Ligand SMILES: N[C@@H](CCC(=O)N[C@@H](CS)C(=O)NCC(=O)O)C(=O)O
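What follows is a single chain, given as structure tokens, in the form predicted on its own.
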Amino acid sequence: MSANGQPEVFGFFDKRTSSIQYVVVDPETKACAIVDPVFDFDEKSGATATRNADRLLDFVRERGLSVAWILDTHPHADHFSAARYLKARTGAPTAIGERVVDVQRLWKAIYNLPDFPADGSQWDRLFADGDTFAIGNLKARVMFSPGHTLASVTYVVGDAAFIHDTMFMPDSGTARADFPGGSAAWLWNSIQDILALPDETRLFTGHDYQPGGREPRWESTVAEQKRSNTHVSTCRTEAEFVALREGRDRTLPMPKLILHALQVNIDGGRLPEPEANGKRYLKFPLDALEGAAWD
């Protein structure tokens, strides 16, 4: 295990979606993994771009790194995944948690896509809970972390854990659990598993919404989260957390890109195929979700 199991971690903040993308580097071999890359989409114009993904590729090239994996922690509801784009340019395998098939089946029905293959074949590898893999000489482990979605996983790489949307920075609390297939109780249990890691474990979150207008932040530790996470530290029981989380979720509108993004992300980041006129079209179901913000 290289560098005593301490990967170099570089975060790239996307202001449009408040997402953090990561390049996780084995300093000995210069192998790296890209975690939760963003494919740019403007919902007002329908325009797509690869500015975020190209920034990651530029970083990889400038540092002389080789991409060993392209990893998504879950099918995202607030941005498109750039996994497919990055695979085409690096040749690196893509991966996600094996329970993505449950998310695919759920959203296949919502989008009425009878011919959609809900079998996870859109990725090169589907990880089960406890699976291990390597990034150069670094050993990585997969933890199943449902709650925010049915398929969420945490990647533990040496002393770093990529916790996606289970917890945010301590001043922002935890992720919502009211998407189709979500569960506040499952989220509580996933958080307990993460907090059972050593106190010094570095935790890297998937979003930062900059409360109070502060600068974006994305790294904490298990000890910090235990001590001061605004949701976790105030709830001593699962029941208390579920009540807090479900009450908070009832006040939140659906993410503005959820219906745009899921049809792309359950397909491994593939955009819809062009139609006869050469244009691509998203399918947008009406009255599919609750939580409309009319006021």
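None of the values given here were measured: they were computed from a predicted structure. We number the residues from 1 along the sequence you see.
Beyond what is shown, the protein has a form predicted in complex with the ligand; the following relates to that form.
Q) Closest heavy atom of F179 to the ligand in the model of the complex, within 4.5 Å or not? A) Output for F179 is yes: heavy atoms within 4.5 Å of the ligand.
Q.
Although the partner isn't part of this model, could you tell me whether L252 comes within 4.5 Å of the ligand in the model of the complex, counting any heavy atom of the residue?
A. Judged by the heavy-atom cut-off of 4.5 Å, L252 is in contact with the ligand in the model of the complex.
Q.
Considering non-hydrogen atoms and a 4.5 Å limit, does the ligand approach R270 in the model of the complex?
A. No, R270 sits far enough from the ligand in the model of the complex that none of its heavy atoms falls within 4.5 Å.
Q. Are any of the heavy atoms in D165 no more than 4.5 Å from a heavy atom of the ligand in the model of the complex?
A. Yes, D165 is a contact residue.
Q: Determine which one of 56-64, 32-40, 235-243, 255-263 lies within 4.5 Å of the ligand in the model of the complex, judging by heavy atom distances; exactly one does.
A: Contact criterion met by 255-263 only.
Q) Which of I135, A175, A151, L203 has a heavy atom within 4.5 Å of the ligand in the model of the complex? A) The option sitting close enough to the partner is A175.
Q) Of D171, D102, D78, D159, which residue is found within 4.5 angstroms of the ligand in the model of the complex when only non-hydrogen atoms are counted? A) Contact check passes for D78.
Q: Any residue of 193-220 with a heavy atom within 4.5 Å of the ligand in the model of the complex counts; write them all down in order.
A: Read in sequence order, the residues that approach the ligand (within 4.5 Å, in the model of the complex) are H207, Y209.
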